[in-house]
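The chain that follows stands alone, in the form predicted alone, written as structure tokens.
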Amino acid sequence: MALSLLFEAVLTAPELSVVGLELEDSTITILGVVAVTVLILLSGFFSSSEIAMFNLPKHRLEGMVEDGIKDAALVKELKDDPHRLLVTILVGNNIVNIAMSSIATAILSMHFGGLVGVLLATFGITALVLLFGESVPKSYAVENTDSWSRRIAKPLKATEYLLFPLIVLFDYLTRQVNKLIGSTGAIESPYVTRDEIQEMIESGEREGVLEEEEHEMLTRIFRFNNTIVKEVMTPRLDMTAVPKDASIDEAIETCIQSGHARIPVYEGSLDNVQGVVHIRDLVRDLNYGETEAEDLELADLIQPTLHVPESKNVDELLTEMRENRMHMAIVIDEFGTTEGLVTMEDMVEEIIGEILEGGEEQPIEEIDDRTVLVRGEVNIEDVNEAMEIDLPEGEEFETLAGFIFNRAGRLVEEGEEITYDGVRITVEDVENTRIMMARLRKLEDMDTETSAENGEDGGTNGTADQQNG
């Protein structure tokens, strides 16, 4: 109690002696206001420094250093020891904020009394620091990370020299505490992670920085190394091939009719593919080769090809095909049976999108905002992305046709419908037993409710007459 009265008496005295000088209340107040103003600016400086320094990616900083941008090397020097940098900023910021609170408390208590002054200083300084020492400076630093980090580099280095003893002490204590609690003390990762890059791509598309086509291509690139050969191959039923004992003319005719420059050559059946032939070699050797046309055999022109499992990653296969200078690979299952083939074009299309030749239909054709026509062999992931829906992908199927067969549990006919999770799928075209085309329509709420009332319980029911037939 006595100490409190003494403190209040000193603060409320009409004059105060500082270093032998008699100062009036007005002078003390002015000096205090000036000091608080300077300290608020310093608080903003340290707060913005933390944001600018630790938000600046290393790859961007390295680019600035290589370009010889002013003070970029000093920024890199500071960031090379992130622990020391963080301690420098925190020590400076805490000294400034504590000094600011002390001065404000003294000045306000001198005018309004001890308790009222403390309350005014607490709420007033808190508001000022939040606005001018935190929010505004940090917002500026986020928007101007590159330029602001270079501007503050020299002042931060000067602060490190000025507060060197304290910085060394707290840097050491921080590291010891981290060791004690089992923390690595890692402050920042070396580079941006894969997830962060994908988030930036999504954000760029939302903000309009990336066009829709650019966003799709970048997304496909990140999806590429998770794609297996089975997802991009041409299935066995769609393969065009010639037997090994076929004539050169027959092979050329097959290439022309199919529109393919390369075709596989098999012996006996497609499960025994010997290699591939190129129409260029066929025509050249038939018309301009040294061997007589009647003595020329298809076996003489076969080029070797790769046989790869259907579970092989596409990025690995692409590398292997480039190294071996091959444009086609035969896809086999676990029993060695030919499942299909994959070309360099198939894998490139996974990144840049479908490459359509003359007369070839779009794999996904938009009818209206809620309806599309989709070829049966289109991957479900592409359908989900195009329509913004969530059809499931199973281990036993990967295409839209596979999904329809899986839901129906039997062969389907043209005109049959299934409904799944608010999407009605109508089979439009069937050849033999293959689903060639299907129509997908996103149902409105009323349509979904009507479907439920009619007994469509999630997609396994077809039309009533066809189910019964």
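Residue positions are given as counts along the sequence shown, with the first one as 1. Quick caveat, the model's predicted, so the values are computed rather than measured.
We do not show the form predicted together with a small molecule, though everything after this point is about it.
Asker: Within 4.5 Å, heavy atoms only, which of 102, 227, 174, 240 is in contact with the small molecule in the predicted bound form?
Answerer: None of the other options qualify; the answer is 240.
Asker: Report the residue, out of 379, 109, 274, 343, that has at least one non-hydrogen atom within 4.5 angstroms of the small molecule in the predicted bound form.
Answerer: Result of the distance check: 343.
Asker: The chain here is shown without the small molecule. Which stretch in 199-207, 259-267, 311-319, 83-91 comes within 4.5 angstroms of it in the predicted bound form, by heavy atom distance?
Answerer: This holds for exactly one stretch, 259-267.
Asker: Though only this chain appears here, would residue 121 touch the small molecule in the predicted bound form if you measure heavy atom gaps against 4.5 Å?
Answerer: Answer no; every heavy atom of residue 121 is more than 4.5 Å from the small molecule in the predicted bound form.
Asker: Would residue 303 count as touching the small molecule in the predicted bound form under a 4.5 Å heavy atom rule?
Answerer: Although the small molecule is absent here, residue 303 would stay clear of it in the predicted bound form, with no heavy atoms inside 4.5 Å.
Asker: Would residue 328 show up as a contact with the small molecule in the predicted bound form if we use heavy atoms at 4.5 Å?
Answerer: So residue 328 counts as contacting the small molecule.
Asker: Hey, in the predicted bound form, is residue 234 touching the small molecule, heavy atoms inside 4.5 Å?
Answerer: The answer is yes: residue 234 has a heavy atom within 4.5 Å of the small molecule.
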